[in-house]
Structure formats: structure tokens, C-alpha cells
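What follows is one chain in C-alpha cells, specifically the form predicted on its own.
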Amino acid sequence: MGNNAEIIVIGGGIIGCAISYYLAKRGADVICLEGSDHFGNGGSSRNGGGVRQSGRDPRELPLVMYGIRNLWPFLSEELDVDCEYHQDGNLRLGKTKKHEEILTGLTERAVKAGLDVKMIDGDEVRRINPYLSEEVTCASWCPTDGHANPLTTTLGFYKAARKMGVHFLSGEKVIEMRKVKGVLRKVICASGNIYEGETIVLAAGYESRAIAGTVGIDIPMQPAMLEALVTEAEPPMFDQMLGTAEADFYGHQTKHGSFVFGGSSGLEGFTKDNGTPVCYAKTAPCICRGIMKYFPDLAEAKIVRTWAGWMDRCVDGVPVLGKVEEVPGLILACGFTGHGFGIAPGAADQLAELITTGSTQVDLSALRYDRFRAKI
């Protein structure tokens, strides 16, 4: 194959791997470049695993609804891997009047967009999940939400795409993109290798901003650190995906029995000198104190490990997807703001359709880069 392909995908997380897969499925010739030594090395394989529609911005809701209707239920069979997908609903929990106001607003906006979600009181919450404490006074309930295994799903897309002929290259850190006669054509790596394609897909997480800057595009996003923890295996308790009104923690019980929870202490994280994120000693205890108020039965559960990682937080909280008028040949797929896992199959499928046919089933106009253009 060499260093030329019809399409070059920058980034080997779930977004890049899934786009590569859906492009190959449509017959495209693809090279996927990953800057680290391992595909799925970042947050794509280390997150809360939510596959949810509730609690989302209305602009991205149609895309994730499309994925949950048409893609997620069949992924394990299609990718020949157990994605551990459960569609047993999402409880977004509240304990105060303020929480109820937040959840009600999210629910009303989602209902207007066509989502089956409703507000329920504390008694109904506990009928769905009897492990919740009496402190829970309300929740939003979306029965078509769920969760999956981030690691097996990301690697499933990677392996399936490889079988279809995608050429994956790790250790190829992209430092520049370059136009030829006004059209984006070349990708330059720190190794000195240059790759050339008719379309360049930028799906490199928070690093996308610097890479896009080499062709004069400034994506308004910043890296933000998230932390998560995993408990030892517990007896089966519930299958719902969980969250809270203020997103102070979220997670689910895995097929293995362990609980995966993400959250924040509200304090800044730490990094090593080389930029590697490091868990902050106060974050896990902070998350656990919140969890115990909602789930007293987990008070004695032991934490097996914690981790920290970067997300690409976009200024308005939703991803940047699609073509860029100023740079013909460029497709953006970044800025997912910490909730890209559940939306990944839908976003990847529709971007692959856009690249190969010029149109999409789901309207992506509200997520385009030009939404940041100055209004005259």
C-alpha cells in the first residue's frame, strides 16, 4: 500500500477505528495513524461505558438516537466480539430541588427531540433499582439507554477494520497537515514519514486542535482531565446505566461484576513532566463519598484501580463533525467532550457516508465547524 490511500484517518481511538471500519465497509481504501504505541490507548478504552441518549445536548441527540436504533444492538455480531451491550435504561438521579430542575430541563428538551424519557419520583426510582437510598427523590428515566464495554468495543472496531484491509500504523504522531494546490492532501509525522490521501479525517481527540492549526483552523476546545475507578467484583445488583443531575459520578456494573465509576473532585488534576495524566489522591475518595450516599450497599466495596485521562472539551459541549469549507479535503471528528463512546458508532457511520456519498441520513449541520463563524 505504501504511504498513499484514498483516505487518511488521524487518531486510533474508538472514533478513528470506527470511521476506518465504516469506510472500509463501504469499499474505501484507508490508512489510520495513531501517535501512541497502541490503538485505543486513551479514553476510548477507559471510560464509564455509557451508551445514552438522555442528558445530551439536542444538537447531538439525533446522531446518538440513530446509533442506538440501528447500530448498537447488532455490534457484537457484526464485529465478532462481545461488546457487552446492555439496553436496560438510564437513571439520572437527583436529591434536591435544584437537581429536579436540572433533570426536568434536560428531559423536556429531549422529549421535544423525540426521545422516550420521563421524570419519575423517588419511589418509582427504587422500584426500578431497589439498591438506591432514600436520599434519591427524583430521576430522569430513559428505558432505551444502556452501557457497553469500552475496551472490547474499541478493539472490536480495530480488528474488524483490519480484516477489511485498513492499514493501521501506531507510533506515527502527526505534527502537520499540508495542502497541495489549495486542497488538503498530506499528513506529516514526527518520524519524517509523509502520508497522502484525497480525504483527511482528523479524529485525534484533544490533540486535534494543534494539528488543525497547521492549516489555519482553530477548533475551540481544551484538554480536560477525567478520573475513574473500578471496584472488585460484586454479586449482580442491577443493569441500568447511572448518572446524576450534576454529573458528580456516573457508571454501571460490568458483566464481570465490578463497578466502573467516573467522576470528579472539582479540583485540577496532575500530570507528569511528560504530560501523562496522574490520578489525584482526593478524587477517588470524593467520588466514593458521593456513591455511598446513593448506594449504601457499596460502602464496603474495594477499589481495584483508578486511572486518569484527557478528554477534548469543546467550548459548547458538543462535537465538531464534518467538512470544513476553508480546507477542502478535511473532515473533522473531534471535540466529543467526554461523551464520545456512546455516540461513536453513529458518528462514524454517518461521517463515512458523508465521505463516500456526499450526504448523510442524520443532519449534521448543527455540529459543523462553521457554527463558530462570526455572525455578521
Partner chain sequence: MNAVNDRSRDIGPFIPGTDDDILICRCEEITKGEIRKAVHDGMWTMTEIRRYLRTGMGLCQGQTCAKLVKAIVAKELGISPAELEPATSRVPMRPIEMRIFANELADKKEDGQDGK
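It should be emphasised that the depicted structure is a prediction, and the values quoted were computed from it without experimental measurement. Residue numbers count along the first chain shown, from 1.
Keep in mind that the form predicted together with its partner chain is missing from the display, and what follows is about it.
Asks: Evaluate K323 for contact with its partner chain in the predicted complex, applying a 4.5 angstroms cut-off between non-hydrogen atoms, and reply yes or no.
Replies: Answer no; every heavy atom of K323 is more than 4.5 Å from its partner chain in the predicted complex.
Asks: In the predicted complex, is there a heavy atom of its partner chain that lies within 4.5 Å of any heavy atom of H99, even though the partner is absent here?
Replies: The answer is no: H99 has no heavy atom within 4.5 Å of its partner chain.
Asks: Can you tell me whether Y250 touches its partner chain? I mean in the predicted complex, with a 4.5 angstroms heavy atom cut-off.
Replies: No.
Asks: Can any non-hydrogen atom of R56 be found within 4.5 angstroms of its partner chain in the predicted complex?
Replies: No, R56 sits far enough from its partner chain in the predicted complex that none of its heavy atoms falls within 4.5 Å.
Asks: Can all three of V81, V166 and A284 be found with a heavy atom no more than 4.5 Å from its partner chain in the predicted complex?
Replies: Yes, because V81, V166 and A284 each have a heavy atom that approaches its partner chain to within 4.5 Å in the predicted complex.
Asks: Would you mind picking the one in K118, R126, R162, K179 that has a heavy atom within 4.5 Å of its partner chain in the predicted complex?
Replies: The residue in contact is R162.
Asks: Of A113, I175, I303, A224, which residue is found within 4.5 angstroms of its partner chain in the predicted complex when only non-hydrogen atoms are counted?
Replies: None of the other options qualify; the answer is I303.
Asks: With the partner removed from view, which of 347 to 355, 313 to 321, 63 to 71, 39 to 47 is the stretch that lies within 4.5 Å of its partner chain in the predicted complex, judged by heavy atom distances?
Replies: Contact criterion met by 39 to 47 only.
Asks: Under the 4.5 Å heavy atom criterion, name the residues of 210 to 242 that approach its partner chain in the predicted complex, in sequence order.
Replies: Stretch hits, in order: T231, E232.
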